[in-house]
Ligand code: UTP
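Take a look at this single chain in structure tokens; it is the form predicted alone.
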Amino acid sequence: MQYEDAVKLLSENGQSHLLKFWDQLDENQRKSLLDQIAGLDFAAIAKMREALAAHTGEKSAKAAGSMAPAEVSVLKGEAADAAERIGSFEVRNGRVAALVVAGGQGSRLGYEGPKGCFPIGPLTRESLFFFHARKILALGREWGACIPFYVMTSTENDAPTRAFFEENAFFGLDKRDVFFFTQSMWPALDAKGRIILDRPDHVFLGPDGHGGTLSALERSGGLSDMVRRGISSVFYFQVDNPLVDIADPAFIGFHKQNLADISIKVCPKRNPDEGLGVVVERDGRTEIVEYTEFTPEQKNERLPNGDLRFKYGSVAIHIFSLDFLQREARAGLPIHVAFKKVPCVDGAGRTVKPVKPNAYKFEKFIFDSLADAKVCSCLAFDRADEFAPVKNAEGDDSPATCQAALVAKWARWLRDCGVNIAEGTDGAPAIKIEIDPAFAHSAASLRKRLASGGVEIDISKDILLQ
């Protein structure tokens, strides 16, 4: 793009201020800024300005509406076995893909780099990506099938994520079956709808949210790749949860039995104020209501048995039917507005880091696709087995709590196999344990592995099974 082209484009779209500091920039800075301007999606920005104009800054009126908890199923006994047989058939015949949302950085954890590279192994310090990839590897080996792995990155972490997979030989996966794609980055706007500069030569950009997965898959050719491979079900999860049971055959079978467009795993909330969205029914449709949209009365409402009425929270473990993803990618999702702190330049071109919200960010949410789903099914799962995210440096949902949950899960597996794992005074395993998913990715696979012989386990010290 040439300067004259930029002047014309920005003038037509009411964003001429982006060239305010042009005379102060060197040649490299000018080229960088022109490249950014050329890459801006002004059709999307027009929709953002419309969303901003309609934004009230108040809580959604949804919270006051009449709604009921969505029906939640529990798989047990013969029903669980039947669902697992169907799901295993789907996996074995190459109809299942795994998709991880991994566009974030590890900055909140004090880690410089993609969050998926964060070391979480209790003994080996292996990464989040390691545990996800090795589960896919193990499940594919078990069923003699290919489970392609789609990894959504951001502009900020795409290159280091790809390099990390290369450096680790794709954790044993065939690199041809790992598909990287990058979500879109959107500018922030001020109250007048003007794009924010965070440097004289640079437009502030932020990821377009997990709802951007759909358009990013379409744009990158990911959806076409799934069609070419004969995929029918896409298992969707977030990178920060190493306990997730990726492509769980019983969940896949449950999804297929219900002929669902979307299936959602849910678990009981730790407390009424836990920050999990809740799947509800309203006006004959299913939707996820964010925890911020509930009134205190709704959060704390109880049933006669003492359970919370809105008991189950969604942790972003979903299965999508591929034909539904294709339809949604073409239809597009609504844009959400949030008032946030955004670095910006002052009148002299100096970067300012505000101490309070000063601009509007825009995102799309994957669960907004529920509005178009003909069938949505919800399945309860055991939080201790499948959900321990790494979100905070300390406290709840931290590396320490996640590692403790991993060790406790592996200890349960070993005890189920007859291995006597001692407990400390706090009830937790007295030793550290780590099991490479490629050694055993489930309690059943561990039982088979140990029954085959040749594995010595010394319970007097930490246990590492690789």
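Predicted model only: the values in this text are computed from it and were never measured. Residue positions are given as counts along the sequence shown, with the first one as 1.
Just so you know, the form predicted in complex with this ligand exists too; it's not on screen, but the next bit is about it.
If we take heavy atoms and a 4.5 Å cut-off, which stretch out of 107-115, 192-200, 253-261, 220-228 is in contact with this ligand in the predicted complex? Among the candidates, contact is made by 107-115.
Interface membership of Q183, this ligand in the predicted complex, 4.5 Å heavy atom rule: Judged by the heavy-atom cut-off of 4.5 Å, Q183 is in contact with this ligand in the predicted complex.
Should H318 be counted as a contact of this ligand in the predicted complex, where contact means heavy atoms within 4.5 Å? Output for H318 is no: heavy atoms all beyond 4.5 Å of this ligand.
Do V279 and this ligand come within 4.5 Å of each other in the predicted complex, heavy atoms counted? Output for V279 is no: heavy atoms all beyond 4.5 Å of this ligand.
I'd like to check something about T286: if you look in the predicted complex, is any of its heavy atoms closer than or equal to 4.5 Å to a heavy atom of this ligand? T286: no, not in contact with this ligand in the predicted complex.
Given this ligand in the predicted complex, answer whether the residues G103, M152 and E363 all have a heavy atom inside 4.5 Å of it. The answer is yes; G103, M152 and E363 each reach this ligand.
Quick check on this chain: which one of V239, A97, L214, I246 has a heavy atom within 4.5 Å of this ligand in the predicted complex? Of the listed residues, the single hit is V239.
Work out which of R134, K269, K391, K265 lies within 4.5 Å of this ligand in the predicted complex, going by heavy atoms. Contact check passes for K391.
Counting only non-hydrogen atoms and a 4.5 Å cut-off, give the residues of 206-231 close to this ligand in the predicted complex. Those in contact are P207, D208, G209, H210.
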